[in-house]
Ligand SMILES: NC(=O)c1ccc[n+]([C@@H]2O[C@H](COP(=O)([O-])OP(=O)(O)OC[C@H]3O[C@@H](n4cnc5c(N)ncnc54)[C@H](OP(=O)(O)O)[C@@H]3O)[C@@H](O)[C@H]2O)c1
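Just the one chain here, laid out as structure tokens, in the form predicted on its own.
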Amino acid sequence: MKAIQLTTYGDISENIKLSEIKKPSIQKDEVLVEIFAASVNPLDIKVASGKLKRLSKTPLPFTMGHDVSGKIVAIGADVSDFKIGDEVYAYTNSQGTFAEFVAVKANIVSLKPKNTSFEEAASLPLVSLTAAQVLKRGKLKAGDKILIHAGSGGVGSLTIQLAKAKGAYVYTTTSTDNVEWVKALGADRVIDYKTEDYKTIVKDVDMVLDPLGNQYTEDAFDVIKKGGKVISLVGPVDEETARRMKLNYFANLFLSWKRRKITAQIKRKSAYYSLLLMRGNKKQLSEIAELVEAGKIKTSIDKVFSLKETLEAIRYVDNGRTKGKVVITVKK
């Protein structure tokens, strides 16, 4: 089968190749999905650059991609809740969706929303699961106020819609060109970061979603209320997450030093802080599908590429100016 593979870490222009490889076989708890569409995420760029290679146990070369939508063509012996031909979508946890087929654990696969195309369904898994897990981690409820940075991005745009579905008041930041588009997603107050300072507008919110890191992580504590929550996608590793990672003494000591400023901010505001490491989740994907079918969540696709144009698609995402998701069509 055809697959986009990473041969070595580093420059994506030289290290991403269209290859012919063997179709994957499945374990008894897996399904084999014929891929109709996949989507590109900033995560794929981090993987290719080598920034996450210490966390990966996958030997090079490997097939890239995490988001997938397609049809089930084979079912493992222990799988009872799917049938051949089911149209599904998933975030795979591991690599492998920039290809014609992928083997996926059945317990993280869901039927795709009935009212979406394969391209639309493929745009959802990583961003919608991240949004859902952020709001669950922060225990957002009706009437709460939340600041969502980068509202026009994939995660930001989904988090806005999910937060509004929960009945929250949503502040979000975006650039001038995207203000009207983000307003249409349902945000209550859209802040143009090129002309406005969000720190003078946002006060005493219950929660901040930080997908940007660095100073944004620290500044989040200035706009939350006492006892508020900061959920980051890129900030320092919090103490609870570090324990779950089962690191050695010296690694834990280093992470403790790295988060020293955040620790001080947590104490100052009696706040809760967490670095979210998203994982595939069948139940949450099923709930997302229901919201999409009910019209409470809309997909947003910026641009579509073919499988052989994957390198171009990755470059496009790497430019950081996308409005919605970038999708790869594998089969029409």
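Don't overthink the numbering: it's just position in the shown sequence, from 1. Keep in mind the model is a prediction, meaning the values are calculated, not measured.
Form predicted together with the named molecule: not shown, discussed below.
Trainee: Non-hydrogen atoms within 4.5 angstroms of the named molecule in the predicted complex: do 156, 193 and 277 all have one?
Mentor: Verified in the predicted complex; spot residues all in contact, yes.
Trainee: I need the one stretch from 125-133, 250-258, 161-169, 112-120 whose residues put non-hydrogen atoms within 4.5 angstroms of the named molecule in the predicted complex.
Mentor: Only one stretch qualifies here: 125-133.
Trainee: Just to confirm, with a 4.5 Å cut-off on non-hydrogen atoms, which of 150, 99, 207, 185 contacts the named molecule in the predicted complex?
Mentor: Answer to the contact question: 150.
Trainee: Sort through 53, 46, 268, 296 and report the residue having a heavy atom within 4.5 Å of the named molecule in the predicted complex.
Mentor: Residue within 4.5 Å of the partner: 46.
Trainee: Verify the contact flag for residue 324: yes if a non-hydrogen atom of it lies within 4.5 Å of a non-hydrogen atom of the named molecule in the predicted complex, no if not.
Mentor: Heavy-atom contact with the named molecule at 4.5 Å: present for residue 324.
Trainee: Verify the contact flag for residue 201: yes if a non-hydrogen atom of it lies within 4.5 Å of a non-hydrogen atom of the named molecule in the predicted complex, no if not.
Mentor: Answer no; every heavy atom of residue 201 is more than 4.5 Å from the named molecule in the predicted complex.
Trainee: Give a yes or no for residue 61: in the predicted complex, does one of its heavy atoms lie within 4.5 Å of a heavy atom belonging to the named molecule?
Mentor: No, residue 61 is distant from the partner.
Trainee: So in the predicted complex, is the named molecule close enough to residue 211 to count as touching (4.5 Å, heavy atoms)?
Mentor: Heavy-atom contact with the named molecule at 4.5 Å: present for residue 211.
Trainee: Between 203-239 and the named molecule in the predicted complex, list the residues on our side with a heavy atom within 4.5 Å.
Mentor: Result: 211, 212, 216, 233, 234.
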